[in-house]
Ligand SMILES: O=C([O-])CC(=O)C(=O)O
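Let's start with one chain on its own, the form predicted alone, as structure tokens.
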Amino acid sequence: MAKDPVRVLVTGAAGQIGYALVPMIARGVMLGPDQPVILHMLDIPPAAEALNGVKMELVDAAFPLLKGVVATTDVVEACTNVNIAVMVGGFPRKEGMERKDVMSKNVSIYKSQASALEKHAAANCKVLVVANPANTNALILKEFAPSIPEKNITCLTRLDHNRALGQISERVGVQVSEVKNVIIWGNHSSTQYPDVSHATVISEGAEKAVKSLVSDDEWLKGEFIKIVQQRGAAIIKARKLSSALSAASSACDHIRDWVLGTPEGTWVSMGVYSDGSYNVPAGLIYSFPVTCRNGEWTIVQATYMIKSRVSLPGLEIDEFSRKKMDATAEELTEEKALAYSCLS
């Protein structure tokens, strides 16, 4: 039997990321090749004409899985009955703007969109926040959509995760599909910590630790971290535009793994509501390693020693990692305080 269509909301749909993302969703990249979708696209009134142009292109592309398109500047119409919401729209930082100015604009946007999702989205709606500051925007959304379970509100750090996979695959000279279990800890900002302490590579038919294959601690603790942290800025410098294609692709990866599950023994990075795991302050949206099953994510809490049935209390964190994890948590705590000051 044919599946019922899933309604997917994309905010900021006429922008660069939205324009790259909506055809991927319509083609089945996000939810699979047999899952029909109805796209809800929201943008601001000045972008209404461009948004209509995107709708025309979706019609012209004749995607078999696309069962309908709602293109609107009305937040209530956009949020009505949606099952998945990908929040791409936000206020970008402009030259000369203080952090508080950007935060204030985004707090106002996310407060209004959260209220609309709270009242009009389908039960058990899953939310992914892409727009920066992504972690804190997700926190504000959670605040104003109290009936959406906290486990259903996430932010995108999969882009950073994929960037880390890409760097390791190039360094070691293997296909990116052979690299797994890198971790992005913390904020989707320049304080994020890309961690390869537990990452492995399939090399010559065997699974080997990234650290032993790279065999250059200085690079792993220095240049590698900087490349991943500053990759977005490097792409803007090269393209004169932001990294829209890779952001759209990783948003699809995030939702696909969340809904359809992660492969056995593999984890991915997601910005999720902290429960205090790994001594990260509870109540922050923080990037952790997670596994997904039956539409639910779970923070990786024990090393995988399935054969011997040994369960250890969390991945081992060395002193270098601890400092990096604490620094990014500190930044998120400051961002949270700034956002709440904007609310008042």
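One-based numbering along the sequence shown. For the two forms, the rigid core is made up of the largest set of C-alpha atoms that agree within 1.5 Å on superposition. This is a predicted model, so every value here is computed, not measured.
The form predicted together with this ligand is left out here; the points below concern that form.
- Transferring this ligand from its position in the predicted bound form by superimposing the surrounding C-alpha atoms leaves no ligand atom within 2.4 angstroms of any backbone or C-beta atom of the displayed chain; the site is open.
- Contact check for Arg99, Ala233 and Ile236: all three have a heavy atom within 4.5 Å of this ligand in the predicted bound form.
- Here the chain stands by itself, but in the predicted bound form one stretch of 139-147, 193-201, 177-185, 158-166, 158-166, has heavy atoms within 4.5 Å of this ligand.
- With the partner omitted here, the residue from Ser242, Asn81, Ser249, Ser104 that has a non-hydrogen atom within 4.5 angstroms of this ligand in the predicted bound form is Ser242.
- Shown without its partner, this chain lists Arg256, Arg171, Arg93, His120 as candidates; in the predicted bound form, only Arg93 has a non-hydrogen atom within 4.5 angstroms of this ligand.
- Though the partner is left out of this view, Ser274 does not reach within 4.5 Å of this ligand in the predicted bound form, counting heavy atoms only.
- Heavy atoms of Asn132 reach within 4.5 Å of this ligand in the predicted bound form, making it an interface residue.
- Scanning 253-289 for heavy atoms within 4.5 Å of this ligand in the predicted bound form gives no residues at all.
- Put the two forms on the same core and the Cα of Val75 is off by less than 2 Å between this form and the one not shown.
- With the core held fixed, Asp101 shows a CA shift of 2 Å or greater between this form and the one not shown.
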